[in-house]
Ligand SMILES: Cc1cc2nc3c(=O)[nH]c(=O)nc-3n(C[C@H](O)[C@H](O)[C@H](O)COP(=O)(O)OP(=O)(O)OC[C@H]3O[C@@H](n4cnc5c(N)ncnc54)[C@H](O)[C@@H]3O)c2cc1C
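Single chain ahead, by itself, as C-alpha cells, in the form predicted alone.
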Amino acid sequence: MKQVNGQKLLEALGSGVDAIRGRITPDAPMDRVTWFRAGGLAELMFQPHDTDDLVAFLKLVPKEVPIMVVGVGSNLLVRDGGIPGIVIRLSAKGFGDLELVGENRIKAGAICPDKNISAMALDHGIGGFYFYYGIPGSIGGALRMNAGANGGETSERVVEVHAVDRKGNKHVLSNADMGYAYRHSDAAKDLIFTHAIFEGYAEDKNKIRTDMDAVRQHRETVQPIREKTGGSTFKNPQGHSAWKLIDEAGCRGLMIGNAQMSPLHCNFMINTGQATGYELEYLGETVRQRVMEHSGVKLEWEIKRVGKFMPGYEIREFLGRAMA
C-alpha cells in the first residue's frame, strides 16, 4: 500500500504539538478503524484526550489542511488512496460519557455507542430511545445524519448539541439549529460534535424492554450483523424501500471481487474477505446503475465515502452512465 507523508504534516504543525495530550499517529491505517476493514491510510490521525485538548490541537492546524472526523467507523467507506490531511478520532475516555442530567434527560458523549443510550434509558424508565438499540454507530454520527431505525430518529430526542469548529471555537446548537431532515442535518460541516443532551419521556420499563427486544430480533433475523458491513448502504427514496428496488433490479447477492450485496438484506454491502475500497464502491455504483435502469429511481448513498482513489482506479457515479 502506498505510504503518505504524515510525518511531514506533523512537523508542519510546529512545536505546539508537544503540549498536546492526545495521541497523534502519522500514516494511520484506516482499515483498522472502519467496519468494512478496507481502505487506505490517513495522513495524520489525532485522538484528543478531551474537549480542551481538541481545542488546543485545532488552533495549531493551518486552515488549508483538511480535517475529517470519524466515530466508530460503522458507516464509513475509505478509498484505497487514503485520506489527505487530518483525521480526528474521538476517544472513548474523553468523549464516551453517559449520564442522567435531569428528569428524562440524558447527556451523551459523541463517541458513545448508540445502543448504550437506549440501555441507560431503559434503566431509568425513559421512553423514546428504543430505536438506538438497533443502530451500529456512535452518537456523533447519529447527530450528523439524523440516524434512525424502527420508526424513531435522532431529531425527535435532541435538545442541544455541543460542538467545536475547526478554529477551536465552542458552540451550542439547539434542535432547530441542526436543521434536521431525513438522514440529514444542516449543521456546518466543520463542526466537531463533542456531546449532546437528549430528552425522552416517562415510560414503563417493560414496554421499553419489549420495544428493544423487537429491535434486536429484527436485526438478528434480517440483517448481516456478524459480517464486515457498513449498515444500510443507500437511503430509502421517497415512496420506496431501497432494498426492494435493489432486489427487483436483480442485485441481491451481487458480487464484485470480494464485495457483495448481502443475500440476507440486499441493502447491506459486505466485505466477504479482503475486499478493497475500490471493489466496495464499484459494487455500490453498479447497484445504483442497475436500479436506475430498471426502475428509474436514483439511489443515494447513506454510507459516507471518503478519501482519494488510487490512480487508475477512479469510479464515476452510476459508472458514468447517462441519467434521466
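From 1 onward, residues are counted along the sequence shown. Note that the structure is predicted; figures quoted are calculated from it, not measured.
The form predicted together with this ligand is left out here; the points below concern that form.
Residue contact check for S118: none of its heavy atoms lie within 4.5 Å of this ligand in the predicted complex. Remark: R219 counts among the residues lining this ligand in the predicted complex, judged by a heavy atom distance of 4.5 Å or less. This ligand in the predicted complex comes within 4.5 Å of a heavy atom belonging to N75.
This ligand in the predicted complex is not approached by V291, whose heavy atoms all lie more than 4.5 angstroms from it. The candidate site formed by L90, G141 and A147 is fully in contact with this ligand in the predicted complex, as each residue has a non-hydrogen atom within 4.5 angstroms of it. Taking I225, A242, L254, L122 one by one, only a single residue has any non-hydrogen atom within 4.5 Å of this ligand in the predicted complex, and it is I225. In summary, among the residues A56, V297, M68, V65, the only one with a non-hydrogen atom within 4.5 Å of this ligand in the predicted complex is M68. Proximity to this ligand in the predicted complex, taken as heavy atoms within 4.5 Å, picks out 191 to 199 from the listed stretches 234 to 242, 205 to 213, 96 to 104, 191 to 199.
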